[in-house]
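Below you'll find only one chain, the form predicted on its own, shown as structure tokens.
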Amino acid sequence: MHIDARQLPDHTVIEGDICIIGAGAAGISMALEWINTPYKIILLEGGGFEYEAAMQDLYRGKTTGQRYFPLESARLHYFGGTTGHWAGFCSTFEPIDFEKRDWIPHSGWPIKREDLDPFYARAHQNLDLGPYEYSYDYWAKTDPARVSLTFDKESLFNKIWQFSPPTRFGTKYKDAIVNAANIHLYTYANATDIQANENASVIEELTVKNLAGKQHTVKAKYFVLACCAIQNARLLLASNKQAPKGLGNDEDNVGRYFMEHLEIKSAEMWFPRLDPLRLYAVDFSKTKWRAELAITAKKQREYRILNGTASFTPLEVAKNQPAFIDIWKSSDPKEREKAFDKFGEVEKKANIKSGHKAYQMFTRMEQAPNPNSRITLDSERDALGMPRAMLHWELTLLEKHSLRGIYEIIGKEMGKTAKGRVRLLEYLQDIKDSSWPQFTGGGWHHMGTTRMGTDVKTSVVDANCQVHGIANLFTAGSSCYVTAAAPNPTLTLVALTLRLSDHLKRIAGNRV
């Protein structure tokens, strides 16, 4: 069922059993789980079904610290959310990503990789992925022409990515949501404030507003924040009537530990003869899977580095491709598609079946969880009266150390076999240099800000994504991440959301 909140009488009271705030990958995935159940599900979407500049402006904010993209262009504010422009890269976290690593401060999840395995398999269906298989041996049998580089398996491995079409949640799941009798989708319903009881232990209602000037109240037994890492933190911080620091923020953790994937050109690989590197190549219109070079858990421990992977682009292509952060300066998210199209055109023109002798190596690496990398509120307010978000993106010395370590390991392995030689780019050659080049960028992957943990002093939600101390408030999606791992976040955030949905089904019967 679909209701346009702009058409409701002002100050309408909307009531249900579970209120899901946000209709992106997390919110829609959760709503789908509750179709044909006896519960009334309220799904709130701030925008409509299409892109609108006025709605997108509500995401505008300021950035400080490490250079970053315009905030309003990094997330889409309409039904389907950022799946409207994601590229479809999917892979699982590794077991080490969940572990407490003594060389990475603030690492360690309260759950393990095996806790997510059944939910990863279910998430594959939502994202239109192939079998729940991520071993190179499995995929190599499907295409023997994709041959691995030669290396010691104690040092490197082929990390497999599967590619979603990519699934546009706003298109694929619109009919299922709108036609479900018990799912009540409200568009143009921006959550602007969450009200708790006097001691902030239970959420009683929330306020939604729209640009038509309407304001409504939503009441439910359970509330789930599924707005994305920046907006989840922003809404909690802005909801400060009963909790002066913001809901769930007694220990000043909401908004902290914002993480991005560091995505940056890092080195060159030179081969003695032409090599097409088919295993590591990607054609966005055809590729269903590919590999990137990854560092084993053993070597990560030995070198005390963050987790990261390396991909390959023909050097002659890479030299004609400016960094994303340099070509995508517009506040309009539609410019992102144009940027990707330009990259694709250049790559297709240089697609030589016999291969190339030289490749640029591009890194996707996790950011160390850093409490100083954070979301706060600005004094400026948006058109609905909400304080705008401010992002301070801050990297540490560990990221630079890890980048060098990754390519030292890869370089040694290539040298052992005499198959290739690795040359670091200039910004990595001086070990005393802690600065970052202007082309340093992220992957538009927002994580952290409501991190998961068992200690209320260092986390915002527990292992079931419940906000500490608030009985009926949960957060869904990548804001719960403790560490970022190397893979793109969508597969894991959907898996975590399905896990949360199952948890709510277990406890809902006691109250709903």
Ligand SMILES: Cc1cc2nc3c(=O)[nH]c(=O)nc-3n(C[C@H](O)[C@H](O)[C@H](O)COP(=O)(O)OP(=O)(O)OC[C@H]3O[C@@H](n4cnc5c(N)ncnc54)[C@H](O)[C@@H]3O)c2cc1C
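These numbers were taken from a predicted model, which means no experiment stands behind them. Throughout, we count residues from 1 along the sequence that is shown.
Not on display, but discussed next: the form predicted in complex with the ligand.
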With the ligand left out of view, choose which of Ala238, Leu315, Ala87, Leu277 has a non-hydrogen atom within 4.5 angstroms of it in the predicted bound form.
Ala87
Contact with the ligand in the predicted bound form, heavy atom within 4.5 Å, among Ile41, Leu44, Val467, Ala486 goes to Leu44
Every residue in Asn253, Val460 and Val482 with a non-hydrogen atom within 4.5 Å of the ligand in the predicted bound form?
no
Might Thr82 be said to contact the ligand in the predicted bound form, defining contact as any heavy atom within 4.5 Å?
yes
So in the predicted bound form, is the ligand close enough to Gly453 to count as touching (4.5 Å, heavy atoms)?
no
Quick one: is Gly443 in contact with the ligand in the predicted bound form, heavy atoms, 4.5 Å cut-off?
yes
4.5 Å heavy atom contact, Phe474 to the ligand in the predicted bound form:
no
Partner contact check in the predicted bound form: of 425-433, 368-376, 182-190, 197-205, the stretch with a heavy atom within 4.5 Å of the ligand is 182-190
Just to make sure I understand: among 17-45, which residues lie within 4.5 Å of the ligand in the predicted bound form, judging by heavy atoms?
Ile21, Gly22, Ala23, Gly24, Ala25, Ala26, Gly27, Leu44, Glu45
